[in-house]
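Given next, in structure tokens, is a single chain: the form predicted on its own.
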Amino acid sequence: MENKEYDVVIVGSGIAGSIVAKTLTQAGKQVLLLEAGLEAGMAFDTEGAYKNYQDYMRSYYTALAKVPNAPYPDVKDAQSPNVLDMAQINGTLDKGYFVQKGKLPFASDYARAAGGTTLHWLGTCLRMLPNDFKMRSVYGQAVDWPINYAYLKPYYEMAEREIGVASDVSDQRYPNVGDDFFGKEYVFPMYKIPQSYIDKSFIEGLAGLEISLNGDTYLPWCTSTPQGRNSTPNEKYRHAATVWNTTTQKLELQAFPKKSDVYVPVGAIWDPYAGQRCEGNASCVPICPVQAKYNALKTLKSAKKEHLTLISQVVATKINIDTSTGNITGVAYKKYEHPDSKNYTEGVAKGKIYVLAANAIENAKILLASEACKNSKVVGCNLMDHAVLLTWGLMKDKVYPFRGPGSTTNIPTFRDGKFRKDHAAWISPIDNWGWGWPTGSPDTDLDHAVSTLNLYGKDLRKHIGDQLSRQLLLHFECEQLPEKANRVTIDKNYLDNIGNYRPVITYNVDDYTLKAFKASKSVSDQIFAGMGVQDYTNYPSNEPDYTTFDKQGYVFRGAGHVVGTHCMGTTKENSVVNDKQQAWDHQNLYLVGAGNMATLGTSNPTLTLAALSFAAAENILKALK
């Protein structure tokens, strides 16, 4: 590796890095991919891949708290943040991987392992809405992107093919989008995942219910949620693969060669015949037991092997810069021997083009350690996440949660509207996991029934059967605008096990999002009242992300949607990358992933960052011609 110059060096094997690696290698380019996680996670042979995944499953089964990173190794030399380390900040919160100095803790995590955070994502695959790309010009808030929805639309289609999205276009109804949002006759690769029983009961209860918000009246509706998990293939879907057209210098979706060809769901990496259908396991987060849910290892496995070199247990520490030209000359790294060892070897990976494809926080950390992209003075800034307000109650009748994927339906009504001039938009997924997130149900229900209510025998069974079968949980995932003060920095006083920087995070939620808490809670109150839901929502003041607005207390959670820190923009003074996702200051450096997103909108960011990754790969291929 030391003496070889590759066409492209990529840092990170999450969905962004894997898509770029697959696209470039299939176009004939020589690619080196550096992954900080353990070597075992990179096993693609049948025995090795199965064994490693079963190790993940065993960790999940034995974990007391089934949090997103529970199944995956806690590697000191490439540490991941953990939501269990979150607490209220009193000065500085120095616990776990993050160092937190803001008013509120940044309460999301991510996985530093082969496959990245797609190992524990929910699988939701929503496109951003057209107005999400032009928040400044339409609503006078934040910034406009240098690209728009029409530009990204063909790359969304490539991403939906790569992930294998299951959904029905006819179900998808969003506010303020035209008839051509998906395009005439467009279909997803697979039919939608069947919606759960609780969803159907909720949809019936919501029908015709009028909601008042800011003096306007809404009739909220539900839609099935597009998901990156395997379902029944749609025979009308005609795209076989994404390919590089050397004549047009564009990526294109290639049609199936024969009419009889159909989309084949991508199964588990250890067995293509396992995981071809979602089996309704209720553990999508943190882990799908059968790999019916997409993860980036599936993309990486389909890269052209003879053109791809994978090196794991390698932590990129900085990029080397030729100060006379601004070009990158190498990626400096530390390769550790064992997960918790302080022993490592150092090296430099060399290529013609370099791609940072790690999590947005990790990308920012590498740029800051390298003093790269300095002209904009916004590296690490504009850190965003969806601030999730939860409300929960008991339905009148039994609706039987805890069955099926985490969420199969959402309320999209408030994803866009004129109210965005004043407060944030939100999306409301209907949760299939009862009160698990806010209260720790069902364990805490049993504990309460036995320890507090002194129930046992038939009375206990009746109480638990009645309570658990009626639990309803709504999310209000509120958008957050880019704020320069919400940022990642580095400090030599905070280093990890092998002397690399830990992220120092300053974070808060502004009035734009806080107003959405008040508005969405009002919407929840009206829904609960209209449907006869007995409200059990409460926001204890000792929770980590407890905050107040207009004399009312709220508790919000992080969504795990880490966005911003190296946003794209129109000038090198206001952004880190241009519309090609190329660093303004370094011609042979591309940044990919959710860190490029200029605003957040209300969709989970994975599908958008996947679409952006295809666009970036196309730009890199043009640059390499």
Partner chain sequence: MDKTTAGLNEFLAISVPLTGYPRISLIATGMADAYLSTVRRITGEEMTNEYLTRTAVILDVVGGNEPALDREIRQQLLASLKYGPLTRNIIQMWYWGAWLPLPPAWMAKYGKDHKGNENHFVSPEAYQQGLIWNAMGSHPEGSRQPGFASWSIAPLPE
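Keep in mind that this is a model prediction, so the values were computed, not measured. Numbering follows the first chain given and starts at 1.
The same protein has a further form, the form predicted together with its partner chain, not shown here; the description that follows concerns it.
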| message | Check for me: heavy atom within 4.5 Å of its partner chain in the predicted complex, for each of 196, 277 and 447, yes or no. | response | yes
| query | At the 4.5 Å heavy atom threshold, is residue 404 in contact with its partner chain in the predicted complex? | reply | yes
| query | Going by a heavy atom distance of 4.5 Å, is residue 454 a contact of its partner chain in the predicted complex? | reply | yes
| With the cut-off set at 4.5 Å between non-hydrogen atoms, does residue 400 touch its partner chain in the predicted complex? | yes
| query | Applying a 4.5 Å heavy atom distance criterion, does residue 51 contact its partner chain in the predicted complex? | reply | no
| query | With its partner chain left out of view, which of 282, 169, 240, 177 would have a heavy atom within 4.5 Å of it in the predicted complex? | reply | 282
| field | Single option in 311, 531, 460, 498 placed near its partner chain in the predicted complex, where near means a heavy atom within 4.5 Å | value | 460
| said: Can you tell me which of 43 to 51, 565 to 573, 62 to 70, 596 to 604 lies within 4.5 Å of its partner chain in the predicted complex, counting heavy atoms only? | reply: 62 to 70
